[in-house]
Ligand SMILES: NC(=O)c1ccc[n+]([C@@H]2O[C@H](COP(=O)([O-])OP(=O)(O)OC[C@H]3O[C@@H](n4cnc5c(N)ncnc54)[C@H](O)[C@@H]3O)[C@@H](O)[C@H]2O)c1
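This document starts with one chain, in the form predicted alone, laid out as structure tokens.
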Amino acid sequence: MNTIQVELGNRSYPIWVKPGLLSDLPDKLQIFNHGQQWVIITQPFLAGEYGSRLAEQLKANDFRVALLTIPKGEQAKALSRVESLYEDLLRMKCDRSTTILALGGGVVGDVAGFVAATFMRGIDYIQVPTTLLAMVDSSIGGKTGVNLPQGKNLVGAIYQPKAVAVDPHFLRSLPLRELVSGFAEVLKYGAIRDREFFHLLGKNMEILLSLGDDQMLEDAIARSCAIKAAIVSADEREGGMRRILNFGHTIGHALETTTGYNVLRHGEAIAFGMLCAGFISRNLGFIGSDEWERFRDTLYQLPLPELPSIDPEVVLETITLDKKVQAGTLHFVLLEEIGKAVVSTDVTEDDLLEALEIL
């Protein structure tokens, strides 16, 4: 088992990465069990596949467990849905000692984490991610959030879990598009922090997408988690270094918003956003043409869907609402080289529009 530590003083926590970890969870979580109410928050399909069995395993090990479900998709991240969860928790007589288990992908983690951050002014929660995207990204670092009609994750909190339990066996049930979405984020880590890792992923993407090598997959997940853990440990609240994790996200989030959230998977949108960011990096002279082409060709190893028709001006308007715009200035992540990212305030609206045209 790989164990990666997120170092945040008295709020530090482990990330466990191990195939088959779901079966070991009762033992791993015993150190957090003090007779309190545990609540698994998940989605209906996952409740049937994994949640009910996990609840029974925990009960057999002296946990008091209940299970709640939220709808699939971004509609679950509405404030009205969060209010319903608060009411469910109160109905179950949950209190400040209650612990939440977030069993699911990024939507479940975002919603369950936000509920944990705000219910009774904060209760414990543990992330059990079931998608690759959640395993390597959204479950780590404490970012929680829900959506407003104007944009994604505009209401939220940075609230760290007590642990993250990653079982790569969950990936066996995922459709290819979900794997592609996750590997876009895995490539992001190489692009911003580890050149050798990026090139290794490019050489083995076909094997990884087919889940054809368990050890290679576990190592790729663990390396991604380690990169994110190191960045979060150095800059928990995104005052500096952590901003590089937003590589591809400024345009990616805007594409998700303008296409209605249900057209593109998150990682697909981020892949398109990274292509735009790489293009701008080349145009502004941060990287050369050879580096840009190498980066672009590696991203295109992902079988991305055809992007629906977009209006660049509408996407640009959405970008102005992005959380990375501060005092009217956009903080945009570019590449100085593959493996090294930098935050720039020099990206103009014309640069963004030109990049959107390549999509």
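Keep in mind it's a predicted model, so treat the numbers as computed, not measured. Just so we're on the same page, rigid core means the largest C-alpha set that superposes within 1.5 Å between forms. When you see a residue number, it is the position in the sequence shown, counting from 1.
Just so it is clear, the following notes concern the form predicted together with the ligand, a form of the same protein that is not shown.
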- Tell me which of 59 to 67, 44 to 52, 25 to 33, 310 to 318 has residues with heavy atoms within 4.5 angstroms of the ligand in the predicted complex? 44 to 52
- Query: Exactly one of Pro149, Gly212, Pro175, Gly288 has a non-hydrogen atom within 4.5 Å of the ligand in the predicted complex; which residue is it?
  - Reply: Pro175
- Note: exactly one of Arg243, Lys143, Arg223, Arg193 sits with a heavy atom within 4.5 Å of the ligand in the predicted complex, namely Lys143
- Item | Residue contact check: Ser281 to the ligand in the predicted complex, 4.5 Å heavy atom | no
- Query: Would Lys72 sit within 4.5 Å of the ligand in the predicted complex, counting heavy atoms only?
  - Reply: yes
- Are any of the heavy atoms in Leu133 no more than 4.5 Å from a heavy atom of the ligand in the predicted complex? yes
- Taking 4.5 angstroms as the cut-off for heavy atoms, does Asn153 touch the ligand in the predicted complex? yes
- Task: Scan 209 to 230 and note down the residues that get a heavy atom within 4.5 Å of the ligand in the predicted complex; none is a fine answer too.
- Result: Lys228
- Message: Would Tyr261 count as moving between this form and the one not shown, using a Cα shift of 2 angstroms or more after superposing the core as the test?
- Response: yes
